[in-house]
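Structure 1 and structure 2 below are the same protein chain in two forms, each given by itself as structure tokens.
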Structure 1
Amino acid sequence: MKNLRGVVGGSVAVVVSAVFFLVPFAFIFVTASKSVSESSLLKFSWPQHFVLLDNLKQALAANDYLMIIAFINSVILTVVSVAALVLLGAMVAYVWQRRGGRFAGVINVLVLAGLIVPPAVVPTIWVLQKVGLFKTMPGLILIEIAFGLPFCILLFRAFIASVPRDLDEAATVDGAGPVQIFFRVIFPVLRSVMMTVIILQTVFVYNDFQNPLYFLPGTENATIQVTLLSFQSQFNTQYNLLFANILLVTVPPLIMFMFFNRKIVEGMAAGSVKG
């Protein structure tokens, strides 16, 4: 009885979810595989001439390989920002959680403010201009770090609370300094939460559109999300190329997602070995 209900309910859910969640992605794929004239009909159908590879090549080569340049820019932005966020977030969370003290309340307010308050755009541009970093990659990286820090600090802090203080104390007794304790003792213990921070921040920064739009305008150093939108007006008669671009931008998160899922399975396997 119960099992039958599970099968029927599950099957219905699979069909409904396919209509709502898979069709849009399938639409991206088939449109990216069509010829120009066929794609302009906007039909959800299998392409008569399957020219996905040609379209991808054309989309990548458009505007002097702008898409590839944008992709490289996005990778630089994401890797540097996320690396800095992991390091700085863990350092703040460590001292905040361990020491408490005078600054603990202040940091609590700053972290919550950073999560809630929307950044003021034009004054941020003004500050960037003052320090000579407006329209530069380092400037945008610093912006991503400033806006992403509160969330990272919270994640790290919750995890560090579960790391026993005996570790720090044993290292202190052994004569290790604060920097050594942090990098040799604490940092390695944070592996699993670090993984979470890296995955989430990579998704946020890679998909970020608003900050690159404001703080790194111009085509020669654009990131991939801004470039994608700029292609909308350029390819408004070539839907196959527009969707080839959308497909290219969607692939990295898809790979990430597969990787992310496997990490969970690995983690569970490791946990059951210990348990």
Structure 2
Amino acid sequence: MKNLRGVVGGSVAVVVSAVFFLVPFAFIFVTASKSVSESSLLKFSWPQHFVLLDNLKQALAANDYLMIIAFINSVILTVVSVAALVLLGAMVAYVWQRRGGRFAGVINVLVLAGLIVPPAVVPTIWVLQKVGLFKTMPGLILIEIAFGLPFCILLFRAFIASVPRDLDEAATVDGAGPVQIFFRVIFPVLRSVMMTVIILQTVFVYNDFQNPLYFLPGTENATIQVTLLSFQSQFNTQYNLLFANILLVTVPPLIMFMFFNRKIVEGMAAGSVKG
């Protein structure tokens, strides 16, 4: 009886979640496929004339191809930030797990503070201005790394705790130093949790709207999410182009999540069970 209730409850939760996700996405798709006059009605109906490709072309060409420039900026931001998060997160987690010692408690407090304490926008802008990184891509990359690092460290540490110390000792006997032990022995073992970190942080950084808006203002440095703000004011009477822009922004992370969601679950489960 309990199993039946669990199955029914889980099925209901899946259906409700699917409805809350699929219905808005379907509305975005059909509105982006309509003409200007049809889309202005904001009705959830199939378009009489399917003009999705034309709307996508116009959305891409708007504002001197701002969408394409913003996509390139988002790709640079995401790739560099995620690569740094994987490398730094794994290194910090390894040192914390293996050689925390008396500083383990301090590191624990700092990592948890990074997860719990909300970011202070104004002081952060002041710091970036003093070091000359405000309104620059390197400054925003550092912000994304700082905000995402605590979560990555905890995931890596949970997995590294399951790696036998015998591997470290055997490598030490063979004459390997700490850096060689990490990159040749530990780092290759972290493949599953590494995929989880890469996928999650890619989605988080790519979809980030707040940080680029605060720390990288200006259309010349716009990221893909910030373009929605300018497009909303520009296409407030052309909902077909506005929703075409939203569709272009939504599809890449959606495709990535659909193909790699099993890797996310495997990496999270591996860290939680073995940690």
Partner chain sequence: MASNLSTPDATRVSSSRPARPTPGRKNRGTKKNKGPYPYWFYLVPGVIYGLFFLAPTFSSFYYSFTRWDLFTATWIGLDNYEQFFAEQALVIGLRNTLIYAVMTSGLKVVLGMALAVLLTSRIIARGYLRSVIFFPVLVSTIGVGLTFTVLMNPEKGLINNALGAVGVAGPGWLTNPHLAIFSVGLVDVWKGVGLATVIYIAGLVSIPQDYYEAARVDGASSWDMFRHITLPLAKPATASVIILSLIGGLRSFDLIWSMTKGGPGFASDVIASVIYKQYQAGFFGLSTAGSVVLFVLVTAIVVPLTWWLNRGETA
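Rigid core here is just the name for the largest C-alpha set that superposes within 1.5 Å across the two forms. Counting starts at 1 and follows the sequence of structure 1. Everything numeric here is computed off the predicted structure, so don't read it as measured data.
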Check against labels, form predicted in complex with its partner chain ends up as structure 1
(request) Could you tell me whether the Cα atom of V251 shifts by at least 2 Å between structure 1 and structure 2 after core superposition? (result) no
Superposed on rigid core, F20 CA travels between structure 1 and structure 2 a distance in Å of 3.8
